[in-house]
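Given next, in structure tokens, is a single chain: the form predicted alone.
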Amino acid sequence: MDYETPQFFRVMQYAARADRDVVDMVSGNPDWDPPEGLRDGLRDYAEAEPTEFQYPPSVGLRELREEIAARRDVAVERVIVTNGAGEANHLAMTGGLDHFDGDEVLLADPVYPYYAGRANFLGATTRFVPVDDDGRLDPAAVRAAASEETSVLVVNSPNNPTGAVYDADAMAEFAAIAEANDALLVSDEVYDHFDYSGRFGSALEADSPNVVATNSFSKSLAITGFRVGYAVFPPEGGPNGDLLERARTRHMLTNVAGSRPAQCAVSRALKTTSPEYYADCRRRLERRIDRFCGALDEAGAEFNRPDGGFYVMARFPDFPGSFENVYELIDEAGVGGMPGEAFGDSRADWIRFALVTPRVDEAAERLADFFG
């Protein structure tokens, strides 16, 4: 698979050019409102003094970093606010490849393509570990694949695209594998608020100097356009502590700083949003998962019901997940999904659908009709 060219826009552009109405289940843009506190923060910021319109601290606004640190139970100095989780992952992976001796990045198959694309961009060797039948990485398989050549191991939980969720014990095993091979575990936890299993465990719970946890507010606050993410690095004074200073420097040289109004708004939202907001979002997604998986069952599809996130992967009889077949679904059924081959070999026959649309029922009916 070509991981150097972003494939999502390829499908989205095809759907945009279609001669019919298409339900977009390609992209992961939440379709619900952000919390009101976020809008309040923006309104208040618009009336701020001129000094508040200038550069914020490069590592992020102190009040936002303090809020993140309190939620993650880490020292505030370990937190860097980034331009979304994408930059957070980039800083972590780049730092791991520079700091540790190997030049290999270990990834799951199927993989979120941007991880593999970033590894290619950085000139790293990639090794893929196929997931099991439930869409989960087996720590034993990861341990067998890791070696002295491994410098970075990337784990995403809840997972895009499989919906797998790893508990604290599994994350501790992944951290131990990184330690045993003198490598860095990069734990992307961007879907942590969308855990339906109750099993999610952060890699930070492993308390390992070989862990960087990354996250963003794009999904949890429904603000993918704000580009506010963060990374939690090992303490600067401990083992692998130079990862933090390298990340600060790279972040400043690349961005100077992040968006001040976006950070202010996110900070307000974190302080004022009740747990019920996140619970409502989970319930909304669970209802959609129920309805969509029911329709897949009627269509005779094989699928894994996700334990987290908001994606469903499905395999239809005699209809592998190629770009050509995805284009046919757009043209003939009016439903856009991502081909499994864009995520790797182990789920190349599958198609991934994003359930961030109020038209899930309509899409489900269209698929049932097409495959019925």
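What you are looking at is a predicted structure, and each value in this text was computed from that prediction instead of being measured. Residue numbers here begin at 1 and follow the sequence given.
The form predicted in complex with a further copy of the same chain exists for this protein as well; it is not shown, and the discussion that follows is about that form.
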> So which of Asp33, Glu324, Glu332, Asp318 reaches within 4.5 angstroms of a further copy of the same chain in the predicted complex, heavy atom to heavy atom?
Replying inline: Asp33
> Which one of Ala342, Leu38, Met313, Val26 is close to a further copy of the same chain in the predicted complex, taking close to mean a heavy atom within 4.5 Å?
Replying inline: Leu38
> Exactly one stretch in 174-182, 219-227, 125-133, 288-296 has heavy atoms within 4.5 Å of a further copy of the same chain in the predicted complex; which is it?
Replying inline: 219-227
> Is there a heavy atom of Glu245 no more than 4.5 Å from a heavy atom of a further copy of the same chain in the predicted complex?
Replying inline: yes
> Even though a further copy of the same chain is not shown here, does Ala262 get within 4.5 Å of it in the predicted complex, heavy atoms only?
Replying inline: yes
> Taking heavy atoms only, is Ala168 within 4.5 angstroms of a further copy of the same chain in the predicted complex?
Replying inline: no
>> in the predicted complex, does Ala69 come within 4.5 Å of a further copy of the same chain, counting heavy atoms only?
In response: no
> If you look in the predicted complex, which residues in 76-97 sit within 4.5 Å of a further copy of the same chain (heavy atoms)?
Replying inline: Asn83, Gly86, Glu87, His90
